[in-house]
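Take a look at this one chain, the form predicted on its own, written out in structure tokens.
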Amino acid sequence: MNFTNAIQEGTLKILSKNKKNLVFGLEVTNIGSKIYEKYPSQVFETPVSELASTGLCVGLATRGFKPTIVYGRVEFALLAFDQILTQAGRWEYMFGGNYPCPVTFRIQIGRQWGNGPQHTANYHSIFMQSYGLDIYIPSTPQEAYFHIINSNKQNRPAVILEHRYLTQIKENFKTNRKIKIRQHTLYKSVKNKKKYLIITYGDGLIDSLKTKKYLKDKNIYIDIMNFSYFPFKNRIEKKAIKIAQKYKEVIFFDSAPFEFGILSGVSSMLKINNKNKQNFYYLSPNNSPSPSAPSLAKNYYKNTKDLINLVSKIETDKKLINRKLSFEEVMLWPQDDIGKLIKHK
């Protein structure tokens, strides 16, 4: 199934489990909405008033319900940040830890061509520095499905940041099994080769996997560390830092500006008390909003070509890819079967 369908199937699963699991949001009851057609008494259309709708969900969560509220754009969620960050995120801290507020905030985020400066921002750092919130950033359909399930199982508030760039990627996986949600996944190339590591998250994984596949055919082997879950108490586990410190060349690959972002934080944690000699490289957009014009936007985000040429420059000081990528390759939603990319060793 694709990324969007995985989210839908995960939502159907939690709605089927308990009538106190509810869904709110704009256009969630539209014609063709599978969740509304199957569970009309648990799915509610909200007015264009994000602060009020979010306040309703926070209130329900404190009264024994487990609501999910959906925001079509992160900019709409900004209107409700007081409820998300101050109320839901700090609720238990205000009441001695025995009064949970298990609400889930599903927020679409990130790049989409033509959306320009206003609707392509990420705001990851705001969420990462917010107390009390579990943060999920799925990179694959399987992660998207199980993140929905896991956030509903927990008795605390959660934010799921869904990169809209990933909506059409596909993956074959089993839904009828238990899975432990991991903070990060390590995609390895060859045993005992620990020279190159790409560290990424969200929509950075798919370009990283394509890079891994391309370079393997050139006898250059890289591993990928992809972060997808940041629990509220321990955002980055020590195990991930210890693994990353074993590599000589570490590339931080981000679709958001690097400065003060998620990977900037990971980078600083790697540098602290690290006695190993490591070279760090950073690939991300400039610290400015994405342009509106398609001709400019396609040069804003870094991609597989940039990753490949960076690695090849480190290796041989030569570019392996010289051709220009088309607008479709750079900006349109990828249609790849990510399961096949993951299986490629």
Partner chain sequence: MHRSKKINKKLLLKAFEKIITIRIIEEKIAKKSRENKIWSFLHLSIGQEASAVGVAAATNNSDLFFGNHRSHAHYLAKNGNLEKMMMEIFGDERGCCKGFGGSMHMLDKSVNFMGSIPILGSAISIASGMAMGEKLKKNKNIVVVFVGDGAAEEGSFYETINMAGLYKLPLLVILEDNKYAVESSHEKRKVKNYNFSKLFKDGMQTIYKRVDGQNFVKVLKTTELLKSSIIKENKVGILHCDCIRFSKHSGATISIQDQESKYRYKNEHIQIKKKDPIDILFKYIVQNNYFKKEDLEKIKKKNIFQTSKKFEFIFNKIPIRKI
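As the structure is a computational prediction, the values presented were derived from the model and not from experiment. Numbering follows the first chain given and starts at 1.
One more form of this protein, predicted in complex with its partner chain, exists but is not displayed; see below.
The candidate spot formed by Val250, Glu259 and Tyr301 lies out of contact with its partner chain in the predicted bound form, as no residue has a heavy atom within 4.5 Å of it. By the criterion of a heavy atom within 4.5 Å, Arg63 is counted among the residues contacting its partner chain in the predicted bound form. Interface membership of Trp91, defined by any non-hydrogen atom within 4.5 Å of its partner chain in the predicted bound form, is confirmed.
Put simply, Gly55 is close to its partner chain in the predicted bound form: some heavy atom of it is within 4.5 Å. Although the partner is absent here, Pro291 lies well away from its partner chain in the predicted bound form, with no heavy atom inside 4.5 Å.
Stretch-level contact check against its partner chain in the predicted bound form with heavy atoms at 4.5 Å: of 177-185, 97-105, 221-229, 111-119, the positive one is 97-105. Checked against its partner chain in the predicted bound form, the residues Gln83, Ser189, Gln142, Asn152 give one hit for a heavy atom within 4.5 Å, which is Gln83. Contacts to its partner chain in the predicted bound form (heavy atom within 4.5 Å) from stretch 24-47: Phe24, Phe44, Glu45, Thr46, Pro47.
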